[in-house]
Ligand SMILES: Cc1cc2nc3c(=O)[nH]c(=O)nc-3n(C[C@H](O)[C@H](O)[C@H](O)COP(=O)(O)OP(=O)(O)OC[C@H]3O[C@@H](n4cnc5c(N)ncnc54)[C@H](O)[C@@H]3O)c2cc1C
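Here's a solo chain for you in structure tokens, the form predicted on its own.
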């Protein structure tokens, strides 16, 4: 076993393993541990640094510096520029997300069979999800950790007349410290750097960190390893070169944005490469209450509703963000902003994620940075606006005295008798403070190589020893949080590799 961190120039690394896995997040770690359990020697190559929980930052600034991909500056380019939230650290985005666990809906497998010819995955994915729930100690947010924001959301949904639930998460005994986005220092969140990655090491594997992969090495039509150069986690200075040879196969799990770009740089030819990018665009609505809510206590995300997943295509969730991020979302500056921040203890934010049908592309760009082009069509913007109306009504049903819609061109705050104003809110995406989370596509799977990068086992069409095992293979918008699906698919793909 070995962990190799940053190396200075002149200290080039040469390593060999049965399987090389690019990425240590949900897909990469799940694939790597499955291969290691089969008795194989596995090398995980991770662009980010290894950080132990005691070294996680407490501030938003520190999290963006140490844990986020490129300081969180990656944007989807369309009519609006919307941020893409991803991590760059050992454990990937599992370190900074809220660890939400949702089983893959059955209608998704029916859709994949109908549209992509993919069969036989449902029972296998669900079986692996059973294993994941047991090993990663999935639990419903416990009552002491729910916090006022989550409890108010449950009350508001009940009064508004729709179904909702406490979220199930990969968390063991959540203490409700509200630090999910900065990494859980309490080690309650079961991010993959705490379990599956160490298990790979314990089984004789390797982890190479601070090591962005530049390209997959391909001889003829076979992947034989990966090449790259170490990058210092603080200074970003380039270090030594590395080449890690794969005796059996290379598994790419670098994320929806980085996996297509990596394959493109590596010379992989596929008509579908970089296409069919999808996401859950979303935004939040603040509610302000008479009594203190103290959104900084309680689970970061503890409540959700999938009642609108099919129609109009929305998922609703609570989301507690750090004080600095709250300040960044409130309009105004100077004394006006300080005055508005006096209400901090009385506000909470609930958000929606749109099950968008719009599609975009991912391409390799300048300096090997992925370029995402994506925008919402009119139908998706109508869903987006409808989600904001639902959140506003839920806040008022829970007893909010006013809401902050955060929409350019509309009043800063609205009262209970002004919700109808949202029905005329602009459909221009530039009017909203939004992000893209839950990414899909770019290396989509399917039986037809003209319309898919991989087959139903993650194997890249036309190549040997090259598998993709992350959300980039997912060919549709799930309408639910994808981590559980990503990990189960990666386990299924790795299981197939190990059996060959």
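Residue numbers count along the first chain shown, from 1. Being a predicted model, the structure only gives us computed values, none of them experimental.
What comes next is about the form predicted in complex with the named molecule, which is not displayed.
In the predicted complex, none of the heavy atoms of residue 60 sits within 4.5 Å of a heavy atom of the named molecule. Contact annotation for residue 93: at least one heavy atom lies within 4.5 Å of the named molecule in the predicted complex. At a distance threshold of 4.5 angstroms between non-hydrogen atoms, residue 26 is in contact with the named molecule in the predicted complex. Residue 89 belongs to the set of residues with a heavy atom inside 4.5 Å of the named molecule in the predicted complex.
Of the candidate stretches 249 to 257, 111 to 119, 268 to 276, 284 to 292, only 249 to 257 has residues whose heavy atoms lie within 4.5 Å of the named molecule in the predicted complex. Interface residue among 100, 76, 326, 154, judged by heavy atoms within 4.5 Å of the named molecule in the predicted complex: 100. Interface residue among 460, 444, 45, 33, judged by heavy atoms within 4.5 Å of the named molecule in the predicted complex: 45. Contact check for 104, 149 and 479: none of the three has a heavy atom within 4.5 Å of the named molecule in the predicted complex. Contacts between 416 to 442 and the named molecule, taken as any heavy atom within 4.5 Å in the predicted complex, involve 437, 438.
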